[in-house]
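There is one chain below, alone, in structure tokens, taken in the form predicted alone.
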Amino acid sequence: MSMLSVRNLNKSFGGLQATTNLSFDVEPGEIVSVIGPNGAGKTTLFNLITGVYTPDSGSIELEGRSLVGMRPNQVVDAGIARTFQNLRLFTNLSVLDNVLIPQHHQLKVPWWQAVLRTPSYRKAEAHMHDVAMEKLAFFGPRLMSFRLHQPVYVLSYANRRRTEMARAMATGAKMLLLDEPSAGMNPKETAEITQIIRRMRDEGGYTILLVEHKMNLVGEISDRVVVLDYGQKIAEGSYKDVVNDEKVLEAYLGKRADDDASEEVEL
């Protein structure tokens, strides 16, 4: 059974058709990248999967369970967490607090125990702290040591990205949707985040769907690549196959592939 199955997904906003009969699968343990020109519908796809938008028609299933009609918090409970193209962090709170907050939805302790700080609540709180530290450790000294208790607003943009990724991991999700995880990072930081994403899959056991514009990252870590253009899937396959697909070349370059069929293009 696929981890994620998207079938015949359609969504329009007034006269704009954002996705059209979009279908693809993500298998357990895969890293699948979604690429395409600006306005291709990549972030809209993430919003549909995570319950921000409701599709007009079609199905979205996580391990056979329909996600259509769920609210975003219910999608997180089902096992999908995401990061955002534009960061959504509590900048006045510390790095640690930002990674503790998403775990509160899992607390099964009555509110009055939290007020009285009963032994049961303190035990749950300690477990949340352990989980937060485990996820932050994925990012090494970039988020640990003295940075752990710094407010997020003093961090570099790259470390804010890392904090958001750690927060998504801390929700208890089995699948992560990463929206441009290397945005704002220099080449060295991009290489580091590439390795972290691979470790998320290999060591953390996450299945990953990501949107990314840096093709060196996509080519290095993707098991498969799905290419969108104007909300439609125009290609799917290995990185090498899709970057030489004539429809992909035309979408990115605005010309027919047979104008220069022998040229291999770095998108």
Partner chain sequence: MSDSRTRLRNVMLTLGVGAIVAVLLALVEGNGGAKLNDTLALFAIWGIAALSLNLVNGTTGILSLGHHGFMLIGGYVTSLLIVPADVRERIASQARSDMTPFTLSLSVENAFNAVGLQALTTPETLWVRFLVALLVGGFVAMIFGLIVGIPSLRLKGDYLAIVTFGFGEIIRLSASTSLFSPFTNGALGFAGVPNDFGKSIWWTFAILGLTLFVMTKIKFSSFGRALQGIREDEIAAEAMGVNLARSKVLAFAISAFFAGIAGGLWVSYLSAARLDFFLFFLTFFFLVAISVGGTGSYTGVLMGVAVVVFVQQYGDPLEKTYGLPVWFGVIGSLILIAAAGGWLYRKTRRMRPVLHPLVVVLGLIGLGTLLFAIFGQNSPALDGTFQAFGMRRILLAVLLIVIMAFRPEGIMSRAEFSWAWALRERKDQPSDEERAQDAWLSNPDLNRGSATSSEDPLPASLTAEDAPNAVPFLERGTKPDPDEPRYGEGRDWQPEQDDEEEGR
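Nothing here was measured: the structure is a model prediction, and the numbers come from that model. Positions refer to the first chain, counted from 1.
Here the subject shifts to the form predicted in complex with its partner chain, a form of this protein not shown in this document.
No residue in the set 133, 213 and 230 has a non-hydrogen atom no more than 4.5 Å from its partner chain in the predicted complex. The closest non-hydrogen atom of residue 150 lies within 4.5 Å of its partner chain in the predicted complex.
Residue contact check for residue 102: one or more of its heavy atoms lie within 4.5 Å of its partner chain in the predicted complex.
Under a 4.5 angstroms non-hydrogen atom cutoff, its partner chain in the predicted complex has residue 171 among its neighbouring residues. The shortest heavy atom separation between residue 85 and its partner chain in the predicted complex exceeds 4.5 Å. Contacts of stretch 1-29 with its partner chain in the predicted complex, defined by any heavy atom lying within 4.5 Å, are made by none of its residues.
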